[in-house]
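Next up is one chain by itself, shown in structure tokens, the form predicted alone.
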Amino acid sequence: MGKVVVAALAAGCTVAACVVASVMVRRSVRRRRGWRRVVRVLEELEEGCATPVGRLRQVVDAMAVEMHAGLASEGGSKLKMLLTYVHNLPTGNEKGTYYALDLGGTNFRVLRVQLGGQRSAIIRHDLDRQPIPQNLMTSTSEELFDFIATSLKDFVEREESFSLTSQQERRELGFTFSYPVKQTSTSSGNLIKWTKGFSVEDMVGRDVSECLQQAISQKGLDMRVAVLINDTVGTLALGHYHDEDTVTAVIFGTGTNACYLERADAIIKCQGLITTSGSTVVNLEWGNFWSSHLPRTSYDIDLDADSPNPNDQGFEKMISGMYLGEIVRRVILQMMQESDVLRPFSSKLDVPFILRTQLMAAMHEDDSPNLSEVARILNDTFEIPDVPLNFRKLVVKICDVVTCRAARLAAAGIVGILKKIGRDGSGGIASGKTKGGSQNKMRRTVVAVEGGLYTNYRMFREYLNEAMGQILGEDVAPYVVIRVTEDGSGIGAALLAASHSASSSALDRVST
């Protein structure tokens, strides 16, 4: 009897062991299948985001074509190609004291810049930052600009009380206004619409410079609004002040935009444009650029559809700091939905824009042996604890793919501008070459760049620089220099006030 019991127990244990082994095998098979699905998501992302040099050159050509079309007629291109009427970029010879007002969010800044008359000789600059009271963001134009003018007057009086020299001439002000404006001259433009939380309804359709000028005059302050610009134009001005070979400027930050110096006679939609220099700065508003050659994935399509502005700002949604972290979040979410590699599922993964690009960059550039920063960010942001090392490596790779595509497309956009103005080396003497003795020499070209995505995100910067070299080729690339500027919206505006202080406002209008 005892032997029977023992045999039965042994048989039961064997069956139990077989069941456990079977369960473990099934789990192992399920994990392997789940992991293969996760890897497949990454492989499909890599394929969809591929940017070989041949494709980048197609994007370059498309950008140049769209620029031509936008200069030919209003509405003829996805690129707005807006005239800024800024025709005198700083030369480095400017002297004196100039002011700038930068209004682009819930704060505004006032600057006082002293110029010494020699290139790069900014003797000093003083700055004051003021928050705009919440109630004024939805009040009237009179109340808003009265507050700004009062703060401006207080700043001027305070700074000039410490100055060793007295103000003998009328003060000149550069006004950076980072909202959609229809520019009508160097120093005037009508507000199209408010963004960034402002809703001062009686301002829409009115000349923003005139509103500011009236408020300044009512305060008894002897100051003229010399120029009205956006931050991209200010970056070009600052770059040109430091280096006269600067012909284009690009912002890579939360958003992105570009501007460049164009021949006045190339702007067909404004025949009769008269400038003192024969050229003018054009604002591309390149965030809205689009081409069938852009490598678009299902994540881009879904992000666009879910955005407040579908079918708009397509280029910006692929390359700017606002969106890169969000694309990465969507890829991680897809991986989680495809498999049970990470369990339990975190509802935080469903929250749009919860992964900021700064955090994405920190994960991408994590060089610790066990990717501890990646683990920390996944835990803090998505509440996913104890992420396995192999999945952390996948997350780094996702960040790499998304950033590499963004940076390489950004580089193609820059070269597209250079191609439009003949600085890419593709067309002989007309393409950035000058005659020097018995042979042609490439002209040096400087691109001014500003914004945290380029300056603070090392991998984005390296991928962009690498792509510039690949697209231009080894013969041309050494002649194209990317130069980082700082505070184009502030110092750049003051420099433009200086360069336009003695210009006739009548010369920068379209002749009728």
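Since we're looking at a predicted model, the values are computed, not measured. Counting begins at 1, following the sequence as shown.
Although it is not shown, the form predicted in complex with a small molecule is what the next lines describe.
- Residue-level contacts in the predicted complex: of E285, E172, E94, D424, one residue has a heavy atom within 4.5 Å of the small molecule, and it is E285.
- Proximity to the small molecule in the predicted complex, defined as a heavy atom within 4.5 Å, singles out one entry of S139, S339, T297, S178, which is S178.
- With a 4.5 Å cutoff on heavy atoms, T195 counts as touching the small molecule in the predicted complex.
- Taking the partner from the other structure, the small molecule in the predicted complex has a heavy atom within 4.5 Å of a heavy atom of I251.
- In the predicted complex, the small molecule stays beyond 4.5 Å of every heavy atom belonging to T186.
- Heavy atoms of G255 reach within 4.5 Å of the small molecule in the predicted complex, making it an interface residue.
- The putative spot formed by T84, E210 and Q213 is not touched by the small molecule in the predicted complex; no residue has a non-hydrogen atom within 4.5 angstroms of it.
- Of the candidate stretches 85 to 93, 199 to 207, 308 to 316, 397 to 405, only 308 to 316 has residues whose heavy atoms lie within 4.5 Å of the small molecule in the predicted complex.
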